[in-house]
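Before any questions on how it binds or moves, here is one chain, the form predicted alone, in structure tokens.
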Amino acid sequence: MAEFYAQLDCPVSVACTGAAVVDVLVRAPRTLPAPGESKIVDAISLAPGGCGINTAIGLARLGVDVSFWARLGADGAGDFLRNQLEGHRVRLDNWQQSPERTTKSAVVLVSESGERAFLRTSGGGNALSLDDFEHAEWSGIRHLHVGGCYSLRRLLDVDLAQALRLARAYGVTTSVDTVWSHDDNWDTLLPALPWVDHLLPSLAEARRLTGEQDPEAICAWLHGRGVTTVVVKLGARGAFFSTTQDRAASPAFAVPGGRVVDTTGAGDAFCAGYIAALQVGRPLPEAVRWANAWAAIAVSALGATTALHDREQLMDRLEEGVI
């Protein structure tokens, strides 16, 4: 493990984009108060959220040089996200705030078992578009990650395909994390699949996208449409990864403290661990182990990135082993 630790001292440049949200995290009571009543809850906190931002912060805490690309509102929520990212040493390349836009916020109700329910608005969010990719500064970027692709409403379908194709033209590897499509527009990812080097969906998302149920069948379906590497996140069961030559399951790691506190951001931490490992030259099976270990740490505290501290924490978890 000392070798892995030393390798991460050499920063690499990853550009992240995707879902950007201010999360109001509430440890939800068993029942909500009736109109006019109030209830005491264990915790209410404000945190940066969204698949793209969570993954960027998870990468930064692993010592990876990372930037976040976004077009957000010139409002209090946008200012909060900017300040949080800067505080976590995430660079704000290709970042803009405008009064014509609205930054999205969400209330995250976290149950005693760590599961989540959301209250959210339909509008707002990251308004990044193909034009931003065409005018971006690509020098120095080694990898592009899109976290929560269906949340980028101005970068779907052929525009997302062209953005990823442009990254490839600059020698940049690509990864995409899907997120659940509340608009049921799963097919808008299909044109982009030939330009995705690493696709990282959850099992539920992968089933809706492909129509297949079994991880092996899901991966075969996606390989047939051009994806180089597929990693299906299986939650407490770990992950299943596949290339056109090899495929295998990778078990989950034990959660620190033995209790799942909040599953918010577990998949985003998974992506951060995976990308960090690849950027320092680890082979695919080891990258999935890093991903599983970083995700196990993430669910041990309230909030998507609260439990994620530094690379030494990840190395310790890797040494302790799986469930």
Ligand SMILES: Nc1ncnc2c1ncn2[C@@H]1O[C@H](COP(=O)(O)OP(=O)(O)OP(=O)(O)O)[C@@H](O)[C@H]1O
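Worth saying up front: this structure is predicted, and the values here are computed from it rather than measured. Note that residue numbering follows the sequence shown and begins at 1.
Not pictured, yet referred to below: the form predicted in complex with this ligand.
- Although the partner is absent from this view, residue 235 contacts this ligand in the predicted complex, with a non-hydrogen atom inside 4.5 angstroms.
- In the predicted complex, no heavy atom of residue 130 sits within 4.5 Å of this ligand.
- At least one heavy atom of residue 295 is located within 4.5 Å of this ligand in the predicted complex.
- Contact check for residue 172: no non-hydrogen atom falls within 4.5 Å of this ligand in the predicted complex.
- For the residues 48, 273, 267, 52, the 4.5 Å heavy atom test against this ligand in the predicted complex is passed only by 267.
- Of the residues 253, 241, 195, 150, just one reaches this ligand in the predicted complex with a heavy atom at 4.5 Å or closer; this is 253.
- The putative spot formed by 143, 229 and 279 is not touched by this ligand in the predicted complex; no residue has a non-hydrogen atom within 4.5 angstroms of it.
- Of the stretches 255-263, 40-48, 63-71, 26-34, only 255-263 has residues with a heavy atom within 4.5 Å of this ligand in the predicted complex.
- Residues are counted as partner-facing when one of their heavy atoms sits within 4.5 Å of this ligand in the predicted complex; in 180-208 only 202 qualifies.
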